[in-house]
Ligand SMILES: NC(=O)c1ccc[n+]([C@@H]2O[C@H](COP(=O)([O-])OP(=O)(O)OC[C@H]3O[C@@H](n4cnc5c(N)ncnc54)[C@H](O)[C@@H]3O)[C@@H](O)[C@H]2O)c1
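One chain follows as structure tokens, the form predicted on its own.
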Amino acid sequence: MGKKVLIVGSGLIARFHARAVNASGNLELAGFCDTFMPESARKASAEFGGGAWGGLDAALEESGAGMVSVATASGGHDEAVKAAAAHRVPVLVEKPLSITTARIDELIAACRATSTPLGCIFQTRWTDEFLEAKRKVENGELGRITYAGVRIPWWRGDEYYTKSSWHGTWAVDGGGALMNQSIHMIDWLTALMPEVVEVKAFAATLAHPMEAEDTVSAAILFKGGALGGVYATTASFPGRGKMLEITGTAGTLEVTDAVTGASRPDQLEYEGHLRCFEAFAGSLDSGAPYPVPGEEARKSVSLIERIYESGGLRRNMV
């Protein structure tokens, strides 16, 4: 069998992790740990296999895991990462790595102190569309880039926020439409473009009973002079595909995905997670760098923080 994976968390996203692990010929599911709902871990174990634990230390000591995946609510990532670092078990974390750059820096430092590999799950980095965009930008096929922007016109019903204890909250989700739903495209923007020099943004809660924002519009200035933009929302019924546009003096790149999953997160596919998991496990075996270590995952959260600050949002963080 392959490398054993302990999944921390047992909610919706943990099930995507479990399906990815079980679909891999290189990985084996060690089980689930849920410190808040041990019974949920037992149910997930019965459904997908492996053991079940209610405590992180016990899970890390008893599971035989060679790798941890963190699938808790965003604001709960820190405890699991620090525990994995203390036990020197490589750890792969669902996006965002944490909900502030200050907290991300603590996680990077904790893993560095024990030489524990740390990676973040941005599964769309393994899509053909991203890899082709990266190739074109790096090869200079677009000429001098003059504009780069992303649009995420998604929809969530009120129940997405009202029936959850953490969606759309500052303390646990770290924000709303920008931090949760749009971070994958923000990740693309920070991966493909130079650093951001300046941000001017507006943010608002226009359509949902939630604490954080459901709509953001931002203008961006990149180092080197290119302009950019971000439109992110969960208030665009019925939800459309997200879009990346990069244009320059020699060409234009436009990527638009299908709507599938935009309005129903439970209908998303797990294949991207599978590629991501296998890439992280492969990096542990080969020593090759994993494409999204902690320092790389920090970039998207940093830009999101700057957009929130420019948009005048006062985040109630813990």
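One-based numbering along the sequence shown. These numbers come from a predicted model, not from an experiment.
Beyond what is shown, the protein has a form predicted in complex with this ligand; the following relates to that form.
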{"item": "Heavy atom within 4.5 Å of this ligand in the predicted complex - the one residue of Thr100, Gln123, Thr215, Thr116 that qualifies", "value": "Gln123"}
{"item": "Heavy atom within 4.5 Å of this ligand in the predicted complex - residue from Trp166, Phe222, Tyr147, Phe202", "value": "Trp166"}
{"item": "4.5 Å heavy atom contact, Leu284 to this ligand in the predicted complex", "value": "no"}
{"item": "Heavy atom of Pro96 within 4.5 Å of this ligand in the predicted complex", "value": "yes"}
{"item": "Exercise: Ala279 in contact with this ligand in the predicted complex, heavy atom 4.5 Å", "value": "no"}
{"item": "4.5 Å heavy atom contact, Ser10 and this ligand in the predicted complex", "value": "yes"}
{"item": "In the predicted complex, segment of 56-64, 36-44, 247-255, 285-293 with a heavy atom within 4.5 Å of this ligand", "value": "36-44"}
{"item": "Candidate site Thr72, His77 and Val172: all three near this ligand in the predicted complex by heavy atom within 4.5 Å", "value": "yes"}
